[in-house]
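Next up: just one chain, as structure tokens, the form predicted alone.
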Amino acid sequence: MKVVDVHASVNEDLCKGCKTCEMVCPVYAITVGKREKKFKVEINHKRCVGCWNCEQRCPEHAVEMKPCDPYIIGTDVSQFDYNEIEALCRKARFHPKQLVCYCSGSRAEELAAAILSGAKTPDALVLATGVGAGCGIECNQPILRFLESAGLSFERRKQSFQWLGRTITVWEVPSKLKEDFPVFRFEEDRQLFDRIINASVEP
């Protein structure tokens, strides 16, 4: 879960219309347009998850995070069959209790539960669990791996720096690469991760 206690606000007098804020938003909550001689920035506060990405990356310092009435975003894992949750987590190569987002503290089991509840796109997973509502960097790959493992495909918005694609995992390293670079011990890494992923879940 994540506690959201700030929302983005834009000073349109400083905005130069570069659309950086729009492109880094993980939930597509920002739209930059033009009205007369000024740029108009619309923020959907029902979608804003207070991640600070727009504020941190605005080259004109036109974005400010302002306090809002705090609320929690999260998915209740107990509402779903845990066998289904475990199966999806292990298919995505995660232990159900594994932390997949350091900023929100989201665990793999919560992403699986969100998908079981109907989340079918990266932004839907962010809105359902809080995953990706922090730095927006470390957890992009787990999000994409879960969706792929659930057999879900989506169309990435062109006006976005988010969800560019999944990187390969230790299970997908080509045999030739393993042979050419044995010093990296890819196979040992894979075996270690397999043991972690398949470890039993504590009651």
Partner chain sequence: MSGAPINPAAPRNSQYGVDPKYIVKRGADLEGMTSVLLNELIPDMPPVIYPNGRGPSVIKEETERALATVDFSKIKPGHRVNILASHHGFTFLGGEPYAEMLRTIKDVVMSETGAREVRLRAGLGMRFRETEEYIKAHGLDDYFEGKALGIAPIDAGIPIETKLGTLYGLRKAYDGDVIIHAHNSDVREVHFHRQVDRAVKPFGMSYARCETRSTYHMNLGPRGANFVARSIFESDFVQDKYGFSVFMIMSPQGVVNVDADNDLYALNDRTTVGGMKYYGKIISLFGEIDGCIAVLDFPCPVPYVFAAGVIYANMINANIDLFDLDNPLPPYTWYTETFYDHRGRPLIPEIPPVNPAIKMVVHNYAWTGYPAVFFAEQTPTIVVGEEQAKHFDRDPMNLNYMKHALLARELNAAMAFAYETTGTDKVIIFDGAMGGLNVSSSLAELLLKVAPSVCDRVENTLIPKWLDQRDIDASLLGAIP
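Numbering follows the first chain given and starts at 1. Because the structure is predicted, anything quoted here is derived from the model rather than measured.
The next section is about a form of this same protein that is not shown, the form predicted together with the partner chain.
#### Entry: Answer option from K38, H45, R157, R57, heavy atom within 4.5 Å of the partner chain in the predicted complex
If I apply the 4.5 Å criterion carefully, the residue I get is R57.
### the partner chain contact at L88 in the predicted complex, heavy atom, 4.5 Å
No, L88 sits far enough from the partner chain in the predicted complex that none of its heavy atoms falls within 4.5 Å.
### Message
Given that the partner chain is not shown alongside this chain, does I30 nevertheless sit within 4.5 Å of it in the predicted complex, heavy atom to heavy atom?
### Response
Heavy-atom contact with the partner chain at 4.5 Å: absent for I30.
### Query
Looking at the partner-bound form in the predicted complex, is E148 within 4.5 Å of the partner chain by any heavy atom?
Outside the cut-off, so no.
### Message
Can you tell me whether K16 touches the partner chain? I mean in the predicted complex, with a 4.5 angstroms heavy atom cut-off.
### Response
Residue-level check for K16: no, no contact with the partner chain.
### Task
Check each residue of 116-149 against the partner chain in the predicted complex and list those with a heavy atom within 4.5 Å, in sequence order.
Heavy-atom contacts within 4.5 Å come from A133, G134, C135, G136, I137, E138, C139, N140, Q141, P142, R145.
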